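The data below hold one chain only, encoded as C-alpha cells and taken in the form predicted on its own.
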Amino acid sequence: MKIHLLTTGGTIEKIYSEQTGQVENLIAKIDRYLQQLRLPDSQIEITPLMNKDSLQMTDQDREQILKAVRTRIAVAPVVITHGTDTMVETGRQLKRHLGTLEYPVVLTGAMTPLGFERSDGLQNLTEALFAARTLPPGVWIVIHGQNFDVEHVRKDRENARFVFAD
C-alpha cells in the first residue's frame, strides 16, 4: 500500500546543535528512521515540505501543507509529521478545507526528538503509518498509542500528552 509522508519539522526532527547548544530543526531525518522499520508491503513516499518548529509556522506554511495534501489524498493516505504545539490547529484547518476524503490524513509528532533517549518519535511514526492503513477517512492525530479525531483533541502541555476534548 502506498502512503504519502509529508514532513514539516517539529520536535520529532530536532537535533542538538553544538554551535548554539540548543535543540533545533536543522536537517530532515525521518528517512533514516523509516529504514529501521519493517514495512514489507508499504510504499512510503516521503516529501519534505519544511523543517520548522510548529510555533514558527505561518498561515502560508499551513497553506503549503494543505496544497500538498490535496495533490496526494485522492490516491493514498497521507501522514504528516508536525510539531505538537500547533498540530491541532493545522489538523482543523485541513479538515475545514479538504471536504470529503477517500483516505485518512494522519498527523503525528513527538515530545522528544528521534534519536534522543526515551524518544517517542519512532513509536508515534510507526503508529501513524499503521493508522493510515486502518482508520476511516478523516483527519486524525495519532500519538502515544491513541488516535483522536482532530475536532475532539487538545494538547495537555502540563502532562506532555494529547487528551480528548469537546
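Position 1 is the first residue in the sequence shown; the rest follow in order. Small disclaimer: the values here were computed from a predicted structure and weren't measured.
If you look for the form predicted in complex with a small molecule, you will not find it shown, but the lines that follow are about it.
Undergrad: Residue-level contact is defined here as any heavy atom of the residue lying within 4.5 Å of the small molecule in the predicted bound form; does S54 satisfy this criterion?
TA: Residue-level check for S54: yes, a contact with the small molecule.
Undergrad: Any of the heavy atoms of G91 lying within 4.5 Å of the small molecule in the predicted bound form?
TA: Because no heavy atom of G91 falls inside 4.5 Å of the small molecule in the predicted bound form, the answer is no.
Undergrad: Under a 4.5 Å heavy atom criterion, is A110 part of the interface with the small molecule in the predicted bound form?
TA: Judged by the heavy-atom cut-off of 4.5 Å, A110 is in contact with the small molecule in the predicted bound form.
Undergrad: Given that the partner is absent here, does P77 sit within 4.5 Å of the small molecule in the predicted bound form, heavy atoms only?
TA: Flag for P77 set to no.
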